[in-house]
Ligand code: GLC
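Just the one chain here, laid out as structure tokens, in the form predicted alone.
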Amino acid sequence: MAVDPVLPASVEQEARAALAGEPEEHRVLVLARLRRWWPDLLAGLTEAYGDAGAQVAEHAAEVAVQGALDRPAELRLLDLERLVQPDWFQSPRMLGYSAYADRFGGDLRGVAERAPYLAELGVTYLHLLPLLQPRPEPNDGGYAVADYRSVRPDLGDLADLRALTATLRGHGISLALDLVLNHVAAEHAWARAARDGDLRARAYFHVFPDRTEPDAFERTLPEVFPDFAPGSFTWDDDLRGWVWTTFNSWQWDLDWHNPEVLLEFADLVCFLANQGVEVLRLDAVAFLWKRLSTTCQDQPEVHALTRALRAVARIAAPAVLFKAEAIVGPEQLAEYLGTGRNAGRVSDLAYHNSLMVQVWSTLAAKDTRLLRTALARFGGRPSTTSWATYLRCHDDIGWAVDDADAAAVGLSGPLHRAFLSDWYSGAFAGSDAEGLVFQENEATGDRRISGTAASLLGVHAAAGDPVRLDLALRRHVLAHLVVLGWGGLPVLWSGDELALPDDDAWADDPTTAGDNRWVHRPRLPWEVAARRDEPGTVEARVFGALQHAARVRGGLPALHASAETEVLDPGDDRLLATVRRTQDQVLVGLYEVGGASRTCPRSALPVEGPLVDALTGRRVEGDVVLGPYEAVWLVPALS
């Protein structure tokens, strides 16, 4: 459907009236942003809502202008700084860190007090897992939000959140928070009003009077939590209907076919941005649009709606980024950053889930062939966006290994996935991993894995054996260096910088005992963290290695996130070789994944002349010799 990209005079007049009391410079800037991003707002909403899109866009523009009006002075300055340097988040100086606020610092004030620790490590981006008010336990780790406008009381309040964002900005750290889009808690005000008979609130949800439509949808819907929550619909006596519940019976899916839901979230984007939040992680974004006879994931309207919300943010708070939490295949993932008519207009960041899976697979198999095949399929990402790369996160590890990729290297997809689950649960002979099986599906054979990186990589099984421990620590550091050397925005999971073990206390706490993912969500023991300053300790070795790599990374132009990583074939399946090229630098990464010394012939490297390993400063003239689990970042020598 064709739309007129010119800002309607009536919309500009309303904006001018709303901004009448503002300083001239702010009024001019907001109007300029409104004119610039109106076409995106209108295009996204017209694609989602058809002929009603123009009216919805006018309402969304009002929300955005009000958000700009409410923006505090220090955040308006941040907007200007980010507009001058729009690629700030693509800089190789970026390093992310992800944690639960209570498990990292106790509460929001405690997190603020630990900002120097993060800065010492080199962190510039902090993702705190859900801290907005959830329903009582169980609440899916906070992802069942009961109130988007208040903080969990045990963590603090909105004043504490604003103080935290200010403290972090003072240390050069941007705060990322989750914005759960697909669903709300059954205790949310919208859900309570729906139960009380409010028809407007009821229209915020997918409610069906009988099983006819739910059964039709169920024929093609996958189950997210087959053990916890089989099926995707729950009967509610007060509603006298079946409500859509993709994740759990107490997480009600919102009906984004209703434009009122879009407008509510446009307002929430502005509200959270004005608390100082700089990155909004769009949780479960792939699930927003429901369509019969599909999986109800990755529908085109998802990207149209995100484009519209992104336009609202760019008008109201241009310093804010969107990060898509979309765990999808390579063919779909780039769409969450924007392709075709949406290029560069959807999210700024998206998780590179496939890299995470392939690093774990490579280290278990001691073979890079599957990684080379799977990751060669990535491409087409807008140069203004970035992958969020990671080795570990708060979630379990699901073995997203494509059967066709496996077959291309002579493997069976199901058998390889089974091998990975066996290896990382310690069931495979010779494995030192100490992970736990999460959500085994007997029908499909799917078994996901929980565990800290250090426990999965055998660090703690090797305690007391110096030779094995050295090898395990090399493996632990190597895995992180692959992520740090990939480009994008690398994110460390809390505790991995100290090689923390699994938290066996998870099973003793009644609030976590039913979910073994808490085994890799330990409270950061600050007495253990203090050992990072004691030479010879595990903590000092790992923290120091990652801190050093982050510093080196910051000085390597080839790791700017606008570039893509190309995987090479070095002629040895126990070597991972990558190359990154920018106009300023070429960088070749080499990683030994087999646990033994080996040599990469110089002829396998796509760069001429003498090289220097940026990590060690060692000059390389000929073939490259690597020790067990060693990584080198090779750049041309200056002379």
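Fair warning: this is a prediction, and the values are worked out from it, not measured in the lab. In case it trips you up, residue 1 is the first one in the sequence shown, and so on.
Keep in mind that the form predicted in complex with this ligand is missing from the display, and what follows is about it.
Here the chain stands alone, but in the predicted bound form its contact with this ligand, taken as any heavy atom within 4.5 Å, falls in 279 to 287 among 232 to 240, 493 to 501, 457 to 465, 279 to 287. For the options Arg82, Arg517, Arg474, His188, the residue carrying a heavy atom within 4.5 angstroms of this ligand in the predicted bound form is Arg517. Think of it this way: in the predicted bound form, this ligand has a heavy atom of just one of Phe225, Tyr148, Phe428, Phe208 within 4.5 Å, and the residue is Phe225. The three residues Tyr143, His183 and Phe247 all sit with a heavy atom within 4.5 Å of this ligand in the predicted bound form.
This ligand in the predicted bound form comes within 4.5 Å of no heavy atom belonging to Asp255. Heavy atoms of Asp395 reach within 4.5 Å of this ligand in the predicted bound form, making it an interface residue. Interface membership of Gln251, defined by any non-hydrogen atom within 4.5 Å of this ligand in the predicted bound form, is confirmed. Contact annotation: Glu325 falls within 4.5 Å of this ligand in the predicted bound form, judged by heavy atom distances.
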